[in-house]
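Below sits a lone chain in structure tokens, taken as the form predicted alone.
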Amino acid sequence: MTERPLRIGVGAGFSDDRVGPAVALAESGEIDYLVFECLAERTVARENLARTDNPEAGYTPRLIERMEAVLPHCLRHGIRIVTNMGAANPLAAARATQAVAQAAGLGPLSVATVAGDDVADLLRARPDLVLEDGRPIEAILPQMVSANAYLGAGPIVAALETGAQVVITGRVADPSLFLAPMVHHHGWAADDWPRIAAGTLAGHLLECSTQVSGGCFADPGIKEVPGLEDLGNPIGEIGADGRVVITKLAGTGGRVDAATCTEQLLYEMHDPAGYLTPDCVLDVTDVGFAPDGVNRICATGARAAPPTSSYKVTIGYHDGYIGEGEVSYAGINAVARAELAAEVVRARLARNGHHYSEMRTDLIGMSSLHGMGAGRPEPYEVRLRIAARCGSAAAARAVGTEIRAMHVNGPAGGGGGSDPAVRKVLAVASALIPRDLVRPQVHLHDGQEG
């Protein structure tokens, strides 16, 4: 008798993903795991700042909302949860998750956390390491907010081996969140490259949630997606032999086919012949997609080589301020009046002695993405946006202040100006760190404490 494939449902593909489709999977998806991938490059740095202000913060802000929604269904159906919503504080995320279970009367909840991705102290001790742009790491150490290595599937597998119902990590590679349940469930060896390749391929296809089931694919009249308002999160079916099928919950909107899978396959893949992950170097140049039923696609042809000796590290650091403001113009000659307003604002800022390393002027809806373009018809209304980068909060605020003044101090017909906006720039940079310096840790919280 053939073993039933492992079924992994996607709970989220980014921090602000919809909650409803995850609930639907937990209720009736007949899945074994529900995986929430919620960390973008700047998210960990942002949550490190939150943890500095509050030691019980630092995890993904919507963790509690998601756990309240899916935990009762997952526990009732025996579905295990794996997520990187721990962000900068997996321990606090574990406590918050257990508090949700207690408040819902679900009994003690075992949660395992994966730590060790925070390598800020290691970088401080190794200023000789080099950033991806060639600068020494010491160039940004004084402004560093966070430094987190992309861990692989190994420590997540160890966390699953504790029997925990929920596994919460910080920074791990996105495909690794999905590969780990496969390795644990099927007992794959970490160097079984054909299966690790298949599992990493499956993880990459699933990691962005509905991008593989119709989201970011729909283009009316060109690439039609039925039922987009009820778009269903994807499900991966992975056999013990590494057979991969991508599908979705029956009755939901969207589509899963060779076209949606191909777009997601190439998403954020710098080199299809050598896609670097902590678990392997993946080669997808021979990957093919074949129908396996309605909204079911079988993916084959992935190959893998051993991983490199380094972990990628994302470093968050303070990098000055951005000031911005907006004002609208409408009617005849709207574009000319907006362009004159931009010239006036720039001149007034310079006259007041403010200096900016970068300044961007956009006519939203006309030039903000592709430039002005020769022969483009002028709109009857346009919104001017100016944003400038600098090292001074005062100079940043002056940008929005001068734009706001356009209501009565600029060309005719300015209105709808925004309040002056100033925000700190939380920049990110990447570096490599020797793998043997990083020490992942797994902790089990059995819910019996206190």
Partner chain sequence: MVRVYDLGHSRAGDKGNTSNVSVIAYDARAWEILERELTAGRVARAYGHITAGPVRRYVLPKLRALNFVIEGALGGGVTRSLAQDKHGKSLSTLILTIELPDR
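Quick caveat, the model's predicted, so the values are computed rather than measured. Numbering follows the first chain given and starts at 1.
One more form of this protein exists, namely the form predicted in complex with the partner chain; it is left out here, but the text below deals with it.
Peer 1: Only one of T247, S310, Q211, Q165 gets a heavy atom within 4.5 Å of the partner chain in the predicted complex. Which one?
Peer 2: Checked against the cut-off, the match is Q211.
Peer 1: Using heavy atoms only and a 4.5 Å cut-off, determine which of T285, Q102, N352, N333 is in contact with the partner chain in the predicted complex.
Peer 2: If I apply the 4.5 Å criterion carefully, the residue I get is T285.
Peer 1: Using the partner position in the predicted complex, report whether T262 sits within 4.5 Å of the partner chain, counting heavy atoms only.
Peer 2: Answer yes; at least one heavy atom of T262 falls within 4.5 Å of the partner chain in the predicted complex.
Peer 1: Can any non-hydrogen atom of E65 be found within 4.5 angstroms of the partner chain in the predicted complex?
Peer 2: No - in the predicted complex, heavy atoms of E65 and the partner chain never come within 4.5 Å of each other.
Peer 1: Might G215 be said to contact the partner chain in the predicted complex, defining contact as any heavy atom within 4.5 Å?
Peer 2: Yes, contact at 4.5 Å.
Peer 1: Using a 4.5 Å heavy atom cut-off, state whether E30 contacts the partner chain in the predicted complex.
Peer 2: No, E30 sits far enough from the partner chain in the predicted complex that none of its heavy atoms falls within 4.5 Å.
Peer 1: Let me test this: is every residue among R385, A388 and V428 within 4.5 Å of the partner chain in the predicted complex, going by heavy atom positions?
Peer 2: Yes, the whole trio is in contact, each within 4.5 Å by some heavy atom.
Peer 1: Residues in which of 183-191, 341-349, 152-160, 215-223 have heavy atoms within 4.5 Å of the partner chain in the predicted complex?
Peer 2: Stretch with heavy atoms near the partner: 215-223.
Peer 1: Go through 149-188 residue by residue and record those having a heavy atom within 4.5 Å of the partner chain in the predicted complex; state none if no residue qualifies.
Peer 2: Heavy-atom contacts to the partner chain in the predicted complex: nothing from 149-188.
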